[in-house]
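What follows is a single chain, given as structure tokens, in the form predicted on its own.
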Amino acid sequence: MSNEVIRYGIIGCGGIANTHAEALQQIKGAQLVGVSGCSAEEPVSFAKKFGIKSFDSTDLLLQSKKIDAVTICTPSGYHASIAISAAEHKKHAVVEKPLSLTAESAKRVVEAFKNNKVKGSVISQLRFSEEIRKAKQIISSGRLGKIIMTNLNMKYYRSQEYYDSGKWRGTWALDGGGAMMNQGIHGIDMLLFLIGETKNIYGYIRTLTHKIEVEDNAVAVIEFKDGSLGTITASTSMNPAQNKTIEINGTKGTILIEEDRICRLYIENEEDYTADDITMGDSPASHIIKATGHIKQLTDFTQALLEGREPYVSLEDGMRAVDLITSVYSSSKTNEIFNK
């Protein structure tokens, strides 16, 4: 591996792969070298668009000595197996969300990277938002007092046409879930980032408005390890869509986050802050992702490799989010509380 540049390959050619390519081509110390897809033909036009090499297979890309790291942008059901293969080929890797579709496979990914002494991360770009980090600092410092209650609401809209646009969408085998696993995982990761690990989880999932295998509506009740309580609401049925919100209540105050901005902050004996302007976040067409958050995360990952340190977002972070979501799914199926 070069001491001055990290040479990247992208695995997968879907919409999010374009976001990764655009981000990598803007990052100092990163060089986008090649791409592979589900067939030899699929990456050809992608490679031409970005001026990089098209590999006939993912195995050939992983075997290349001209690539140091990969980003994995395939349908979710392939994430774990490709990530493990990347680790076994001694390639560092950034995996799009979710890390995997089960807690067990997520654990195998983490172990593969440890055993092969390579670094990995899962895309969790909200952790790089300045206001989310500010909220984390406020909570960790105790300014809100003891945390009592947290409510995460993710009321999105996806049309039937959205699910019909790809055979893998809305399937358990390749999407791994719906409103929680696909659309809601970033909010769930933010919840874990801000509050910490869970102790008990109880949930319901239902498919109410779409012709899909997975859930389009879900609710969950959580007891966190710090003793506080929380709820999660996730949907892709809400028309019009609403901005994602997370409200955190402590004994000394409340913080309300809308999308990735602090919308309201009240702390006893401090000035009451309310944001003037919050733009619409997850609109019906917002699955077209901007590259800003990916640039920040892929910059951190690149610098981590160059500096020999751990990336800001770990594979374990991705594993915890998958574990929470699959616990909700299991709870809904068995009608039992899942203990962590």
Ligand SMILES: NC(=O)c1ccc[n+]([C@@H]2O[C@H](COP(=O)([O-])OP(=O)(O)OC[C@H]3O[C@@H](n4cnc5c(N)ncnc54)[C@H](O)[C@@H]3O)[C@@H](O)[C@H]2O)c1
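Predicted model, so just to flag it, every value in this text is computed and none were measured. Sequential numbering from 1, following the sequence displayed.
Below, we turn to the form predicted in complex with the named molecule, even though it does not appear here.
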For the named molecule, considered in the model of the complex: do all three of Cys13, Lys97 and His294 come within 4.5 Å of it, counting heavy atoms only?
yes
Decide whether Cys73 counts as a contact residue for the named molecule in the model of the complex under a heavy atom distance cut-off of 4.5 Å.
yes
Is it the case that Phe128, even though its partner is missing from this view, gets within 4.5 Å of the named molecule in the model of the complex, heavy atoms only?
no
Interface membership of Thr58, the named molecule in the model of the complex, 4.5 Å heavy atom rule
yes
Taking the named molecule as it sits in the model of the complex, is His186 near enough to touch it, meaning that at least one heavy atom pair lies within 4.5 angstroms?
yes
247-255, 120-128, 141-149, 221-229: which one contacts the named molecule in the model of the complex at 4.5 Å, heavy atom to heavy atom?
120-128
